[in-house]
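Below you'll find only one chain, the form predicted on its own, shown as structure tokens.
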Amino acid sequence: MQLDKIVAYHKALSDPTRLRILLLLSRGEVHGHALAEKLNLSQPTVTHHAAKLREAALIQERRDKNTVYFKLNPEFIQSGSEASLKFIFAKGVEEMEEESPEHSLKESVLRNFFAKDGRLRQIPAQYKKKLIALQYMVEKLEPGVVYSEKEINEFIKPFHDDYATIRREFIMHQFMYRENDKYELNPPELWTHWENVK
């Protein structure tokens, strides 16, 4: 976990109301109105604090018609805590050293081309940046699973509406192979790795 993510993690925890929300959610999923009642707060105030926690990936939300339910993201809460300890006591000096240009480029592409909700704002025109974006998406597919074309389209749609172009890019750059309209991930060794592009 990078330093900026550790800082964001602690910023989200730096408010007493948000800590109380997390405490209530530790008992299980709760909808927004119930949180407002238990905390004696207005619904907009709860929504504001929940948004901060969600942006930091500390909670997850789901909608059921007009009702929004919240629950903890315990894995990220734990990983954030562990990353903080590791940074302070073990990796701090190394992490604060100047990052490699390759790492900086990847972080920059993910930050600039992907919105907070995970949507790809636009397909990068620059070749290396496009490969970074494609690899980021394709790494979320399961190795060894055979996907239909419809399933690949549905996988891409939450990222970008032009699923046909991105699907073709997956094939062109060896991230996936297609046979009889079935798609499967190639081994990473076959991918067109952006790090190797001059």
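Numbers for residues come from their place in the sequence shown, where the first is 1. Because the structure is predicted, anything quoted here is derived from the model rather than measured.
The same protein also exists as the form predicted in complex with the DNA; that form is not shown, yet it is the one meant from here on.
Although the DNA is omitted here, in the predicted complex none of 10, 86 and 150 has a heavy atom within 4.5 Å of it. Proximity of residue 129 to the DNA in the predicted complex falls outside the 4.5 Å heavy atom cutoff.
Although the partner is absent from this view, residue 60 stays clear of the DNA in the predicted complex, with no non-hydrogen atom inside 4.5 angstroms. Contact annotation: residue 184 falls outside 4.5 Å of the DNA in the predicted complex, judged by heavy atom distances. Using a 4.5 angstroms threshold between heavy atoms, residue 158 stays clear of the DNA in the predicted complex. Of all the residues from 26 to 48, those having a non-hydrogen atom no more than 4.5 Å from the DNA in the predicted complex are 31, 32, 33, 40, 41, 42, 43, 44, 45, 47, 48.
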